[in-house]
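In the form predicted on its own, a lone chain appears below as structure tokens.
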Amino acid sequence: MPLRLTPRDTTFFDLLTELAQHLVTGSNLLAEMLGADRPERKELAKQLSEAEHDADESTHSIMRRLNQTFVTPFDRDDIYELTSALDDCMDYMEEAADLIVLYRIGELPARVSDQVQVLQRAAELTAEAMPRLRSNLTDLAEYWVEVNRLENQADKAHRKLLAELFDNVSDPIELMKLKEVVEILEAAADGFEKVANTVETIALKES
């Protein structure tokens, strides 16, 4: 770690940790939706929307602090990219939940659970990683390696799920609805990989 001659505002670490915790909440609510009936799904989607609003507040707090702080813990653009990537993950999960309710989707394919489990694990790992940004960043290598592995796992589940949809869903409208939800969940997995890749970039710059 390079020697720093100027003080750093450590509040960013707390705010990033707070933002990542909202992702854990969001992914767990999304998982609950899979086995819920339609009335329960509506309530869970509402709770996820509230979690997304809380994540937005955390995001705005970080952005405001970026504009007010002269010396940041690491590169200003990297903080912006990391914050935006975290916020995107929550947006994707909230969008998927919202569409499940709006499209009045009945039973979801079993492999959707595989996608959501990847999101849950990626969210947990990300929430654990954020407070560790304040220490030796090279210790986070196992984090970005595991999230990249999870994203590869999500890719395989996504491909198999699409194949099953085209084989088993005869109603073209239902197929379109399910495919859109599946694609958004895949985008969420890609979002977590982007977060991990950004952390890796920061570690390389700071080492």
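All values derive from a computational prediction rather than experimental measurement. Residue positions are given as counts along the sequence shown, with the first one as 1.
What follows is about the form predicted together with a further copy of the same chain, which we do not show.
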Since the partner isn't included here, can you check whether a further copy of the same chain sits close to all of Ile105, Leu108 and Asn136 in the model of the complex (heavy atom within 4.5 Å for each)? no
| query | Do Arg38 and a further copy of the same chain come within 4.5 Å of each other in the model of the complex, heavy atoms counted? | reply | no
Q) With a 4.5 Å heavy atom cut-off, would you call Glu180 a contact of a further copy of the same chain in the model of the complex? A) yes
Are any of the heavy atoms in Arg159 no more than 4.5 Å from a heavy atom of a further copy of the same chain in the model of the complex?
yes
Please run the contact check for Leu34 against a further copy of the same chain in the model of the complex: heavy atoms, 4.5 angstroms, yes or no?
no
Taking a further copy of the same chain in the model of the complex and a 4.5 Å non-hydrogen atom cutoff, the residues of 169-207 making contact are Val169, Ser170, Pro172, Ile173, Leu175, Met176, Lys177, Lys179, Glu180, Glu183, Thr201, Leu204, Lys205, Ser207
